[in-house]
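Below you will find one chain, with nothing else, as structure tokens; this is the form predicted on its own, and questions on how it binds or moves follow later.
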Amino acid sequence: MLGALSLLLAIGGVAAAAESWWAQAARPYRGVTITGISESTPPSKYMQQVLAPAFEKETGIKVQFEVTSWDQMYDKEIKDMEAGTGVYDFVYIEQDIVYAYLARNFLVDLTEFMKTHPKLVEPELEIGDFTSFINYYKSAESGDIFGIPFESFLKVYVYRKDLFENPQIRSEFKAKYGRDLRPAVNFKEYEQIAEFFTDYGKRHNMQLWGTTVTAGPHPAAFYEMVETIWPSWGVYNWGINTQTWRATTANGGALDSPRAKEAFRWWVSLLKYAPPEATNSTWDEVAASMAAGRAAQGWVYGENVAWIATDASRSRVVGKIGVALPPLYPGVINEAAKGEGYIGYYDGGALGIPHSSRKKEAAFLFIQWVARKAVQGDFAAAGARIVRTSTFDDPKVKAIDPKVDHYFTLMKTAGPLFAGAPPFPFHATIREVMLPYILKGISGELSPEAALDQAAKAVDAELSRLGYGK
């Protein structure tokens, strides 16, 4: 009898020991359904299709995970948080919008939440293992965290290695321009390459153009200009002086400066070397154009690099993609190295919990689940994103790195030269002020110079109305 009882106790002990930390922590919330929303990006789709089902199986907590367009996502989550309806238990927080969310007290202070719920903090969460990208989600005043990153990536210069390394093409290029064909390091080289391959495509009856341009009638065109093109020309913080809080050069800004105008005119001039879909393209269509082999070079968000370079079911240029730093105005890289500027955009997002959520505890378990160490290698391979420093040494990342032309190595070594959006609580408001002028410059309704003259004055007026500066 005692022997049988001992056996039963032993079996029970093994069963208890076999239950994971996640299953134990989630026990009070089994059967609960949490709802979240994110943008339709490769990392978000991976969370929805792979990580969320695994979380449900492990914890018994159900996840309704809506993945939608960038516009719809913001519209839905902001309306929910403004009204306090509690539709969403976790939301996507893009790096550039977090300052606006903090200003409106939309989000749960996760540092405080962890202090009050220590049993829900995964032992391997290790905030110190996250890359510096997590700093964008900290309060400037308290240093507390308001989002756990699940994606971060660079917007890099992507080019067709198969074309750039083709001996016949290299010979033709050198004969025309008197120099070797290489990834562009300045804007003259970039334009020459764009011109050459557009002409090459015509001469060989190919659907090939010299560059991508994100010039659709969408905020994506604004972001391409202010976060990608201008920084590479040495125009930072959208041309807004963060001391005077003005954009006009007359008031210390740079939005209507000669450099900003030259950069805008150069960028618009590239449209003649871009595929015809460029004037309807957002970041998604640009990635698709590159994957279809329709462009020789372009700026592409890093989250798309992995699938473009490796997924033959979606890309015609598998094994043909190269990545490099963007072309730069003289002196910009030195300013970036000294922390006085940046060469391009360090983008990404985190998951946070709205104050209006009624299932914060279960939601907190999920936003930790997608950031746990055990899944980061597969997650990086699927979405070309890294948020933890330990992930750079993951064997799966090291294995795929050569297949993406060492994009992950570039991210690790050159990441500090890039930067996220400036900490503007008025981000969306000023974007909507500037966007019409960017679009008028693209369409030709205004010259690039006139567009920026008018944009700078409009931004000054709006900042004044918002109470910034004097």
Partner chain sequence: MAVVSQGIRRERTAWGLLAPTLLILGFTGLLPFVYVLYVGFFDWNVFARVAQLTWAGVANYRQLVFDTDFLASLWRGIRFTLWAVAIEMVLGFALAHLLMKSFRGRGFFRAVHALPLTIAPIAVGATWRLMTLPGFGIVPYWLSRWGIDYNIGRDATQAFFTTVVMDVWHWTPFVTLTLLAGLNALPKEPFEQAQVDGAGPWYILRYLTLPLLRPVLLTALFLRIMDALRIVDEVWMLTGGGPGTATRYAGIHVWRVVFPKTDYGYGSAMSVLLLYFTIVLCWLLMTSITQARKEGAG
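The structure displayed is predicted, hence computed values, not measured ones. Positions refer to the first chain, counted from 1.
Just so you know, the form predicted in complex with its partner chain exists too; it's not on screen, but the next bit is about it.
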(message) Please determine whether each residue of 234, 236 and 406 possesses a non-hydrogen atom within 4.5 angstroms of its partner chain in the predicted bound form.
(response) no
(message) Can you tell me whether residue 440 touches its partner chain? I mean in the predicted bound form, with a 4.5 angstroms heavy atom cut-off.
(response) yes
(request) Consider residue 393 of the chain shown here, and say whether it contacts its partner chain in the predicted bound form, taking contact as heavy atoms within 4.5 Å. (result) no
(message) Although the partner isn't part of this model, could you tell me whether residue 162 comes within 4.5 Å of its partner chain in the predicted bound form, counting any heavy atom of the residue?
(response) no
(message) I'd like to check something about residue 120: if you look in the predicted bound form, is any of its heavy atoms closer than or equal to 4.5 Å to a heavy atom of its partner chain?
(response) no
(message) Only one of these stretches, 49 to 57, 409 to 417, 30 to 38, 431 to 439, has heavy atoms within 4.5 Å of its partner chain in the predicted bound form; which one is it?
(response) 431 to 439
(request) Name the single residue among 206, 185, 127, 78 that comes within 4.5 Å of its partner chain in the predicted bound form, judging by heavy atoms. (result) 78
(message) By the heavy atom within 4.5 Å rule, which residue out of 381, 100, 308, 87 makes contact with its partner chain in the predicted bound form?
(response) 100
(request) Taking its partner chain as it sits in the predicted bound form, which residues of 412 to 426 have a non-hydrogen atom within 4.5 Å of it? Please list them. (result) 425, 426
